[in-house]
Ligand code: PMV
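Take a look at this single chain in structure tokens; it is the form predicted on its own.
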Amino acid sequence: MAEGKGYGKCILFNEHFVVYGIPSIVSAISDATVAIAEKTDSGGIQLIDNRPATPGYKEEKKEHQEDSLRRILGAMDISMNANLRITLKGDLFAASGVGASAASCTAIARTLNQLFDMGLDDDRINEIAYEGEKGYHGTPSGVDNTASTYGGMIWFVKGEPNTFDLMKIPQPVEIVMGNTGTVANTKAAVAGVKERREKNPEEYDKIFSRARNIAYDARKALESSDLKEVGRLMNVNHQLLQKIEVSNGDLDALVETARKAGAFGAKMTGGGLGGYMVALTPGESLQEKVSKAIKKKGFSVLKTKIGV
């Protein structure tokens, strides 16, 4: 029997803008998916998914998950006829916006690496997790699996090749992630931005320019632990995401609730049109206060940390 872990993630700045070469800041969170693998005498390859999840999430992603597992096994030269049982569990809620698929890909790659004593390093685990992510996203950016594998905080720029720069912040910081309970359709959101940008190039160029500046200001604020400024920039980033129409009513309501409860800043995170929002809540007392305010509205929350 073997065990492997993959961290969840939170996009702090510039989801969607990242598709167009604008820097994004992404952090691993302390919640993780754990995969346990064991060899069996028969039964072929069994995948048992015991992760906590948004209702309907696992059912909706089942075909993607099966494709992902095939890709991981192929990348690791493990026969599809092997007798294996892989069980997924952990404290990362399987939902849109927290890197749930990448966390499971990383965890599976790590547990199989251990079970078969392959001796693969993190760089290779990350490559395998990326292959697994293709089953879910077609052409993933690679940022989710990188955060899931290495932890910490990442400055990411999409390009040829992609740029991954591990950032250093003084210490982990508490956040609250509020879950709309809706499984986000990231492909639809991305396609919508592309269509609207083509119709309104001048307006969108201004928005995209502001998003680029925010990324550099946010990096400076994070690395110097100026959390008030980080929060302010998160608020501005959310406004830009509203302007490109990837937020929705539930996300906006959760953002407003978090801010009124004292969060330093709050914004949607991930694909948008559902999924999660994130609030910056340094210190356990503020984290608890914001968490309670969101729960009072009838939404579930994830209390976790960035920069782990």
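Rigid core here is just the name for the largest C-alpha set that superposes within 1.5 Å across the two forms. Keep in mind that this is a model prediction, so the values were computed, not measured. One rule holds for the numbers: they count along the sequence shown, beginning at 1.
The protein also exists as the form predicted in complex with this ligand; that form is not presented, and the subsequent description refers to it.
Figure note: of the listed segments 110 to 118, 135 to 143, 77 to 85, 224 to 232, the one touching this ligand in the model of the complex, with heavy atoms no more than 4.5 Å away, is 135 to 143. The candidate spot formed by 16, 186 and 270 lies fully in contact with this ligand in the model of the complex, as each residue has a heavy atom within 4.5 Å of it. With a 4.5 Å cutoff on heavy atoms, residue 99 counts as touching this ligand in the model of the complex. Among heavy atoms of residue 167, none comes within 4.5 Å of this ligand in the model of the complex. Mapping the unseen interface onto this chain, residue 190 counts among the residues with a heavy atom inside 4.5 Å of this ligand in the model of the complex. Proximity of residue 11 to this ligand in the model of the complex falls within the 4.5 Å heavy atom cutoff. In the core-superposed comparison between this form and the one not shown, residue 20 has its Cα shifted by at least 2 Å.
A movement of the C-alpha atom of residue 162 reaching 2 angstroms or beyond is seen between this form and the one not shown when the two forms are aligned on their rigid core.
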